[in-house]
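Below sits a lone chain in structure tokens, taken as the form predicted alone.
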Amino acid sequence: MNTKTARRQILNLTDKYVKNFLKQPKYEKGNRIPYAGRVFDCEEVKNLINASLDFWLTSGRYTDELEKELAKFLNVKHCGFVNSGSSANLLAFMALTSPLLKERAVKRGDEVITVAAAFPTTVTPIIQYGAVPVFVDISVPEYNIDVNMLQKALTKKTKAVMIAHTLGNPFNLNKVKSFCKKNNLWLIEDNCDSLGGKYKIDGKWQYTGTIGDIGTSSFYPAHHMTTGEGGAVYTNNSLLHKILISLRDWGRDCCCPPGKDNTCGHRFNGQFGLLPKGYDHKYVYSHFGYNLKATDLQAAIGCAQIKKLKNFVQARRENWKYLYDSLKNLSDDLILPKEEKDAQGSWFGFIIAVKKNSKVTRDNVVKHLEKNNIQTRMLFAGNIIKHPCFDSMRKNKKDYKIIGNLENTDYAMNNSFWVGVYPGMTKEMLNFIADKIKEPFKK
């Protein structure tokens, strides 16, 4: 028996194992309904086993394939696979600090416009670098940046805008992109909750994450496709891509892939910094970088998942619409989500706010749902500034700025919650969710 035959037999057995023993459980009334979950079949597991048989423990052939296929899907020039969406956000922001960007580089003390109703790792890189996050409010029921606040947040120190497409609802890219272009600002699209979303800009539909300067994605199991842990950072700007990959790969200047040397033919004849001439280019560092690569084991799963991505997005849109139609008669008590104009959401969840004049509170509804085995989530941090991580910063507000009073942000924090619409949801599950949301209001 040769290795090719042995591998084929192993993969055939894997196929049988998944079909017989790794089936995704069928929903029965009373079972826990999670807000998200893995949706997979034999292909993901076979890819994972196939990669493990190579025993190539860092990025390799599957990583190359995933980066190529994701770039093709999004119609962008460059894509880098990383170990999480949070790492993708870190790389996206830190790329803007590169000296290669000259006068456009973000420096310590420069300002970055963002929102407080955010996931922490959209904001963390800004603070940790020493730039100043400038928090503006959101609009309800879109839960995206209030674009009317952009001009009020602008100062001579503003260098970038870094915001997310909330729960898969694309923010107003026409106005945000125009604002950034007019003021020579960078735009980072945190696309971690919106992979597959589209926005019509300049009369043309484009995928979210590809309209700004840099886009990021997360492939955590709850997201639109999964690699377990994992994420991606992508751009059409070749210089930004060079910086992003340098930062991902220890900050090195060399662009050779893992396990390969001297692909440029000039490994030992360059002059860099104050190093001696001819110093090994493999160990020349042009940035203060990290190691944020992912493994081929993760990428192998992603190579199977990306083939299903369009269907995943369609299922999320259908589930979101089903819940909307099931709950629209509760408009006296609930604020249902609204898709942005010129957008096609790739929904991560279905967000609901309980109106202030309702006799039922958000907490009443959430407790009722959780009691009935329906998993709920808040709008991430709600208002990130109110969290313990800001305790030491509130005394010295030079470290961040707030524009206005964040009224809608606080409203969402106190009155909203969301439930899942992931592709594993069935009509039976969606009906049960809708019925249980309605029950507190009937009483």
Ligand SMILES: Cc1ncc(COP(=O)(O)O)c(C=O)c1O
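Please read these numbers as outputs of a predicted model, since none were measured by experiment. Residues carry their position along the shown sequence, with the first being 1.
The next section is about a form of this same protein that is not shown, the form predicted in complex with the ligand.
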Any chance Asn89, Thr121 and Asp193 all have a heavy atom within 4.5 Å of the ligand in the predicted bound form? yes
Please tell me which of Tyr129, Tyr220, Tyr279, Phe73 lies within 4.5 Å of the ligand in the predicted bound form, judged by heavy atoms. Tyr220
Of Gln305, Asn319, Ser246, Ser84, which one comes within 4.5 Å of the ligand in the predicted bound form, counting heavy atoms only? Ser84
Go through 223 to 231, 263 to 271, 295 to 303, 332 to 340 and give me the stretch that gets within 4.5 Å of the ligand in the predicted bound form, heavy atoms only. 223 to 231
Close approach of Ile188 to the ligand in the predicted bound form, 4.5 Å, heavy atom: no
Using 4.5 Å between non-hydrogen atoms, is Leu96 touching the ligand in the predicted bound form? no
Does the 4.5 Å heavy atom contact test between Phe380 and the ligand in the predicted bound form come out positive? yes
Examine Ile145 and determine whether its closest non-hydrogen atom to the ligand in the predicted bound form is within 4.5 angstroms. no
Of the residues spanning 164 to 180, the ones with some heavy atom within 4.5 Å of the ligand in the predicted bound form are Ala164
